[in-house]
Each structure stands twice: as C-alpha cells, then as structure tokens.
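The data below hold one chain only, encoded as structure tokens and taken in the form predicted alone.
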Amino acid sequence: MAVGFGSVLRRGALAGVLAGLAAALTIWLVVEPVIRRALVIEDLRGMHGGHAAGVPLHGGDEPLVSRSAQVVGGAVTSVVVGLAVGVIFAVVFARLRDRLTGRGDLGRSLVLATVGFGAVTLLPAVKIPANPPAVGDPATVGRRTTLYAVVLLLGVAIAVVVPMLDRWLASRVPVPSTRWAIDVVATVVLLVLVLTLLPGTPDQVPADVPADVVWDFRLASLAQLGAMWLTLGLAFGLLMERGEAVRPGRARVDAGTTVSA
C-alpha cells in the first residue's frame, strides 16, 4: 500500500482539531480564572472613573459581548486555529520528514512540534509578553501586533536557517559533535540578536495591577499554547505511526507524491 499526501493532510487536520480542543480546555481551566481576576481590576477602575492613583487608565467600559460568549468564541477560535496549524504542520512534516531527527514518526513529530513551539510561541512570548485585560493601551495595539509579527517571522527564519547551516556543515565538518556545537552557538547568537536589537512592548504595567496577575496570565497563556503544540505533536505522530502499523510495507511520505514500500 502507499501513503498519499492527502492522507497526511487529513491526519494533520485531525491532530490540529485535537490540539485546538486541548488549547480551549486550557483556556477554560487555566487562563480564564486569571482573566476574571484582571477584569475585577477593570471593574474597580470603572467605579473610580477609570483612574488609578490619579493616573487615567483604560478599562471600565461595558463589554459589547458577554463574558460567557467571549469564552465560547475563544474556544471556537482555538479549534479553528488548531485546524489551520495542523494542516501547515502536516505540510512541513511531509517536506522535512527525512531530515527530522527522532525515533519513528512520533519522535519526528514531537521534534517538529518543539521547534514550532520555540519559534512561533516561546520567542515572541519572551520578547512581547502577553498581558491581561487590565494592562495595555488600545492606542498601542497596532505597534504591539507589528512587533509580535516581526519576532514571530524572525523565529521561523531562525528555525529554517539553522537546519540549512547544519546541512552545509555536514559535508565540511566530519565530527557530528562539532557540527552540533556550531548549530547551538549559531542559534543562541541569532536569538540574542532578536531579543536585544528589537524594541520591546510599548506598554507599562499600571500600578493597580498586581505582579502576580500579570505573571500568572503570561504563564497561563504559554500553558495554553504549549498544550496546543504538545497535543499536536503527540496526536499527529501517533496517527502517522498508526497508519504505518496498518500497512504491510513501509511507505515514504512526500508532499504531492505517493511512494510504495
């Protein structure tokens, strides 16, 4: 039998939906309680005319959509995003399957998910950390979004450049440990350049927002995305290995092609 690219995409889509559900569950259990703590601060601002310690602050406006509706909408959005990420993940996996390290498709999938988490989630979160509803000026949304997108793209670029460097070194550096050391140094240097040269978030944390609320929200946001990437890597890898197990021969997966074992 053979594996078609469409089959890989279907597995990626299913794994993405499962990842989105995991993220939605994490939002409900971990993120939402912190958001409600931050909303209490906004309500208190509204009671004081939107001021804290004599400084005008944003907050206190009546929401156009109820909190329950926002939670449901966030869950649906998580599933949709998970589906999209799952399809992209499947395409990248099909292209790079033979180049990924790891034992079996499960190991390769987890490696790719780890790289995705680091490049698309962790690096932007370190440079432009998420803030709860009580923090942030609506006037800076555009700048924050642009900075976040730039850091995200640079993270993806690093994830692409370092493997290219490794392949270039493979034919020139015969000792694997030396090559890996160069890869690590190059990765660290590129990350340091991104973190030091790009400007950080333009928002200041208001005095009326406790530090524990800010950090709990940032960690909860990372947990949400971490749950998505972990579930995606596990689910996709298991689905790929299950597909391999039910075939009498081993087939190679390649984007747009079908190769029999």
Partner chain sequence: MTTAASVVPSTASAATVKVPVWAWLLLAVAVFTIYVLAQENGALLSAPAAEMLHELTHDARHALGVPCH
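Residue numbers count along the first chain shown, from 1. Predicted model, so just to flag it, every value in this text is computed and none were measured.
As for the form predicted together with its partner chain, it is not shown, yet the points below apply to it.
- The closest heavy atom approach of residue 85 to its partner chain in the predicted complex falls within 4.5 Å.
- Using a 4.5 angstroms limit between non-hydrogen atoms, residue 74 touches its partner chain in the predicted complex.
- Taking the partner from elsewhere, residue 178 is found to have every heavy atom lying beyond 4.5 Å of its partner chain in the predicted complex.
- Proximity of residue 108 to its partner chain in the predicted complex falls within the 4.5 Å heavy atom cutoff.
- Highlighted residues 130, 217 and 224: every one comes within 4.5 Å of its partner chain in the predicted complex, counting any heavy atom.
- In plain terms, the part of the chain that comes close to its partner chain in the predicted complex, with a heavy atom within 4.5 Å, is 97-105 out of 97-105, 181-189, 168-176, 154-162.
- Scanning 213, 41, 235, 31 against its partner chain in the predicted complex with a 4.5 Å heavy atom cut-off leaves one residue, 31.
- In this stretch, 169-200, not one residue has a heavy atom within 4.5 Å of its partner chain in the predicted complex; the partner itself is omitted from this view.
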